[in-house]
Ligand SMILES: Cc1cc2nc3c(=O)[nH]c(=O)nc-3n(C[C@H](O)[C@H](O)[C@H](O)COP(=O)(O)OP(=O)(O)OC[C@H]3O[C@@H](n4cnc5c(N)ncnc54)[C@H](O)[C@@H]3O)c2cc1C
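What follows is a single chain, given as structure tokens, in the form predicted on its own.
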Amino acid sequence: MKHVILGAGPAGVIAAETLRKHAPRDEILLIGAEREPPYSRMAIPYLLSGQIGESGTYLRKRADHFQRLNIQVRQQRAKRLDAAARRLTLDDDSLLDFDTLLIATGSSPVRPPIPGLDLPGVHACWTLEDARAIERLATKGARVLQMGAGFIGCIIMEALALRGVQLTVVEMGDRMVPRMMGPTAGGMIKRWVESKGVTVYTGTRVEAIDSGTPLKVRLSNGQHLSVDLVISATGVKPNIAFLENSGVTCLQGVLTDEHMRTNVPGIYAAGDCAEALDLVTGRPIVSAIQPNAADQAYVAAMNMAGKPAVLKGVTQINVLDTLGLISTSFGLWQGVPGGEGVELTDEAQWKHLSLQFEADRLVGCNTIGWTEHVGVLRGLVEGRVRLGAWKDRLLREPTRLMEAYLACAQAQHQWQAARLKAAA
């Protein structure tokens, strides 16, 4: 059997290693688009902050790791896929046949239509090449403008702050991390960041970047800024353009089932480019976080090796450290039509808790400063635990989460075990 894996990020590497373990004699080819050894993009902020060197971003530390596993690593990019013929066209127009294929091509930065985005001194923060350029420009005291204050933007922002730059952040949404946090939580994060010396403009966009030294940036709020570096962190999108007319079904990402199979037998997907079932909503979503990518890659590889495996699903989970302020977002944090919710906020102590219910299930939450409840919240949301009378208690006293979990989750597990035993 010949297994081809497109994408040398965490999903691709985990899949290749899993395949080697369970298919020791099969041919495995791992194809990555960048010239560096397989690395983790999530480690780039730690590189920028000086906590690690470039080698610290590498997913595997031994230079001969893949050679020792007899995994071929090739630095190329896929141009087209002919699913019916089981054939890839690569960027040098060579053809590559396969028996099974894993699409783990990840995502790439969204490029907003802003004049001047291609100027020197304007960079994304997505690749090691980007990181090298940012390191050269983001010196202590440098004036840096960052576009975007979403999840990825906040991680980048922390690394920049640690470099001692004069940082301004511009976010189009009405609050920071608008896709992860409600108005109260997003507003608290903004005030916290400002208290740390970062200038933040929400409800604002960059209208144009003009060349020069320094760069001139025009904002929609009328501000004109002179900066040494512009970083674009305005979101990402799945790398699936090469799948057009391939026969593989794509929505926002590559649509998969619980085995990470696409609609084409023998072709699978995992990671940021894959669309898998959301445990809370029951609908497919692209959940671009590394733990989900790892789980999906393992399941896909097991099935590629002929060993049935099932993904239990994914959940929208984010845990964020913004200059020392810990926030979380699970599931349908914005609530559901007809649902109930409760919020508890202590601005002085930088604490906020928002719980959202559908019937007697907790379906989503936002927290700031409630680190002791992260595991409980995840368990209640992912487990779709029926709370019964505890739902009303939590609406009155939302901090009694641990009690609710112990009372209801254990009972649910015992009921499920009893039902399985009776069925057997």
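Residue positions are given as counts along the sequence shown, with the first one as 1. These figures come from a predicted structure and were not determined experimentally.
The same protein also exists as the form predicted together with the ligand; that form is not shown, yet it is the one meant from here on.
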Touches the ligand in the model of the complex: Phe151 (any heavy atom, 4.5 Å): yes
Taking the shortest heavy atom distance, is Arg77 within 4.5 Å of the ligand in the model of the complex? yes
May I ask you to check whether Thr345 falls inside a 4.5 Å heavy atom distance of the ligand in the model of the complex? no
State yes or no: in the model of the complex, is some non-hydrogen atom of Gly364 no more than 4.5 angstroms from a non-hydrogen atom of the ligand? no
With the distance limit set at 4.5 angstroms and only heavy atoms considered, check whether Gly12, Arg41 and Trp126 all reach the ligand in the model of the complex. yes
Note: the ligand not shown here; in the model of the complex, the stretch from 42-50, 374-382, 387-395, 62-70 having heavy atoms within 4.5 Å of it is 42-50
Exactly one of Gly247, Pro214, Pro120, Pro291 comes within 4.5 Å of the ligand in the model of the complex through a heavy atom, and that residue is Pro291
Heavy atom within 4.5 Å of the ligand in the model of the complex: which of Thr100, Ser329, Asn239, Ser232 fits that? Just give me the one. Asn239
Those residues of 1-32 which, in the model of the complex, come within 4.5 Å of the ligand by heavy atom: Leu6, Gly7, Ala8, Gly9, Pro10, Ala11, Gly12, Ile31, Gly32
